[in-house]
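Okay, so we've got the same protein chain twice, two forms, each given alone as structure tokens, structure 1 and structure 2.
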Structure 1
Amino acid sequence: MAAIKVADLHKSYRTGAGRVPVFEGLSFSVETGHSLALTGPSGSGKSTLLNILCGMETTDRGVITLFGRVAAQRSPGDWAELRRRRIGVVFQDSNLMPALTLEENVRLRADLAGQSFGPVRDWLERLGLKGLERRYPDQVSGGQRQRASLAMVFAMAPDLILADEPTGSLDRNTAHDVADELFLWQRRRGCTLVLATHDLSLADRCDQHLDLAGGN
């Protein structure tokens, strides 16, 4: 069964210079438990597509089916519930709450997803953040914040992960270790993964590869 089906997707933005197309007739599907890499140059629509798949952006036309239900039939409340419990999003810029420590951020995300008894500290340690649990986001590096964001997603145990350049701010060795954790967790849980990346070696680890160069 497909976790995601996208058929004839059209998306554009209006600017002072007129309409700027992003997608014109994009179609693809991802089976439950499989992984899809999105590649393409900056501006090709990778982040836009992830935002569409989690209900944070609308489309001009086309049909998106998520978990067997047409996306257009979902209310804003439905989308909020999906993002709270079933869709984990890793943004390019970590979405940590600045007033909470790294551990509190991860624990809050797990609680909201109904995973209150998840191994929060274990995920922080496995992602190289042992000893930093009580630090605040502005007390750690950008790469450490990104790893904490990934720990938040693991702790919520979602059915779908949408990851936007999850290793882009990490050094090569750390990026490799984090990618190993991501794919290991995804396959063990049978979670669906859509990964936007410029790193072709990372894209090659996915089951499917969609190049968005040219907008379709």
Structure 2
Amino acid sequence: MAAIKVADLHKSYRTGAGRVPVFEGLSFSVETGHSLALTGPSGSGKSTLLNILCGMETTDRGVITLFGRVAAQRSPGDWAELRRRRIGVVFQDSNLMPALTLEENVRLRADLAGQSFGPVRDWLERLGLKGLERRYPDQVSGGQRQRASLAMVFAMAPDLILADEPTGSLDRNTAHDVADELFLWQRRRGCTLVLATHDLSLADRCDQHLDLAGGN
């Protein structure tokens, strides 16, 4: 069964110079438990597509089906509920509440998803953040922040992970470790992953690959 089905998606932005099209008839689908890599140059719409898939942006035209239900039928409340419980979002940076410690951030995410706090410390430990639980995001490195972001997603146990350049700001080794953790967890859990990246080696690790360079 397809977790995501996108058909004839149109999306454009209005700017001072007129309308700038991003997608003109984009169609694709991702089976449940599979992973999809979104690639393309900057401005090709990778982040826009992720925002559309989590209900943070609207479309001009087209049909999106998520978990078997047409997205247009979902109210803002439904979308919020989806993001709270079933969709985990990881961005390149800025995934953490700046005024909460790493542990508090993970607990917050688990709490919002209705999960128990029990495994929070375990996740932090498994991701190499032991001893840093009480640090604030600006007191740890970029790699550690990104691991904490993954811990947040793992703690909420989502059905779909949308990751926007999750290793973009990390050095090669850290990026490799973070990607390992992400794919390992995705496969074990059997959840769907949509990953936007410039890194072709990372894209190669996904089951499917969608190049957005053409806009459709």
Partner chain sequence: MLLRAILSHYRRHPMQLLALWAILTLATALWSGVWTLTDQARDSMQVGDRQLAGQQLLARQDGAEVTVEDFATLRRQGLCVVPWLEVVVGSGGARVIGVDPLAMSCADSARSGTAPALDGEPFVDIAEAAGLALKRPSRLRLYLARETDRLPEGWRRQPDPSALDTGELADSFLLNLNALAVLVVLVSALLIRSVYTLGLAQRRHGLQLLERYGVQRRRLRRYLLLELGVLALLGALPGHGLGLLLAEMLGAGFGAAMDNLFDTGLLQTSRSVTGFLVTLGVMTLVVAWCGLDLLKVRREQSFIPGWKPMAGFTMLVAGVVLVLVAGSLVVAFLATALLLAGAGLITPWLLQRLVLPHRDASPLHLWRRRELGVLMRRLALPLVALQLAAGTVIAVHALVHTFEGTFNQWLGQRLAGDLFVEVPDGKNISTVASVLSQGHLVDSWHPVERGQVALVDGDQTHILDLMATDTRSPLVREWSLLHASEAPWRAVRKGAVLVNEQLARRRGLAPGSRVSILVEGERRQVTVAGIYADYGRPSGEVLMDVAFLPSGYEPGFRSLTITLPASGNSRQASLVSALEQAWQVNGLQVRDNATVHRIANRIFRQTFTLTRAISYLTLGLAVVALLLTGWVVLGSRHWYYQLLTTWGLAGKAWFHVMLRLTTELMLVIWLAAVPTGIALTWVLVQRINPLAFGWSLPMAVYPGFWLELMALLALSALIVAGAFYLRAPSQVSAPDLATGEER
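Just so you know, these numbers come straight off a predicted model, no measurement behind them. Just so we're on the same page, rigid core means the largest C-alpha set that superposes within 1.5 Å between forms. FYI, numbering is relative to structure 1, first residue = 1.
*Asks:* Would you check which of the pair is the form predicted on its own?
*Replies:* It is structure 1; that copy is the form predicted on its own.
*Asks:* Rigid core superposed, residue 141 Cα shift between the two structures in Å?
*Replies:* Displacement of the alpha carbon, after core fit: 2.5 Å.
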